[in-house]
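Presented below, as structure tokens, is a lone chain in the form predicted alone.
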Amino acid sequence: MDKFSLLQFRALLTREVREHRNLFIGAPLLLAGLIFIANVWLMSMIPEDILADAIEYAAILFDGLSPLEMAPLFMILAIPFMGVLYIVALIYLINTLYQDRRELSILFWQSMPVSNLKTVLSKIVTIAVVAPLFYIAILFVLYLVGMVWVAILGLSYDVQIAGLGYMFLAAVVSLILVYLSAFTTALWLMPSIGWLLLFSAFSKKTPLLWAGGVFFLSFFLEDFIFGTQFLANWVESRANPAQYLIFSFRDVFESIFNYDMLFGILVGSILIAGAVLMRRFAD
């Protein structure tokens, strides 16, 4: 890919972020604000002597421990952000190509030297690579503010806080694992991404209803005509988070390079190719 193509693709990514900044930036910011306010309120309800003991106990507990070993513990704190990211991904993918057609911006982009393939790929890269970065960055700021706040409280209570540094390092390492988990989730759910983009590309109205309706109709027809539940069993087998969440850097290679992952990427690629083809036909 030459320099012009890279600049072109970067412009597509920038466009996606700017047009959907409420999903990629606003949503995690709102969630972080709510979590911070809730934590401030909860800690204000705790008596000072109990709070001081809790800070000192946590500092002593984490003092000298390996951040790599403790990082999975902090991934629990990222669950609300991961949940919001999944919801945002669903909203974004099912509406992005449909919105292009509804607003007739597809005609503008088709008049430019930008291929349909690049446009669709930019949307996949946006939700799989770019969007998680914003969530991770906001979560990092939340951790940093929380850690500084706890350190100030510890100093004001005159308790030992040396172990808070190890705690913060573990939290930072956990963010890397969360980002890797978000990326492997996108790869694992590539059939879902392709399915949503396909219906977003050609549905004239309510693409989510079309995608969901055809999805469940396929289950019914397979059971009614063939008496089998292969599709339902395959979907169920891919719904286990243990298949794509990364809790250790050693799990990255195994999670990505396996038969189930590669087969899912193949199915998703076929559906994405269908979305690229359907995008050629503007309303």
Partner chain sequence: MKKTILKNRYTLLLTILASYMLALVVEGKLTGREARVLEFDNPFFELNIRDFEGFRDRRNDDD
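Numbering follows the first chain given and starts at 1. Note that the coordinates shown come from a computational prediction; the quantities given were computed from them, not determined experimentally.
Heads up, the form predicted together with the partner chain isn't pictured, but that's what we're talking about next.
By the 4.5 Å heavy atom rule, the three marked residues E19, F140 and F183 all fail to count as contacting the partner chain in the predicted complex. Out of the listed residues I127, L198, V178, A171, L198 is the one that sits within 4.5 Å of the partner chain in the predicted complex by at least one heavy atom. Segments offered: 247-255, 216-224, 46-54, 31-39. Contacting the partner chain in the predicted complex at heavy atom distances within 4.5 Å is 216-224.
The closest heavy atom approach of I25 to the partner chain in the predicted complex falls outside 4.5 Å. By the criterion of a heavy atom within 4.5 Å, L231 is counted among the residues contacting the partner chain in the predicted complex. With a 4.5 Å cutoff on heavy atoms, E69 does not count as touching the partner chain in the predicted complex; it lies far away. Taking non-hydrogen atoms only, L12 never approaches the partner chain to within 4.5 angstroms in the predicted complex.
Shown without its partner, the chain has Y259, D260, F263, V267, I270, L271, G274 in segment 259-274 as residues with a non-hydrogen atom within 4.5 angstroms of the partner chain in the predicted complex.
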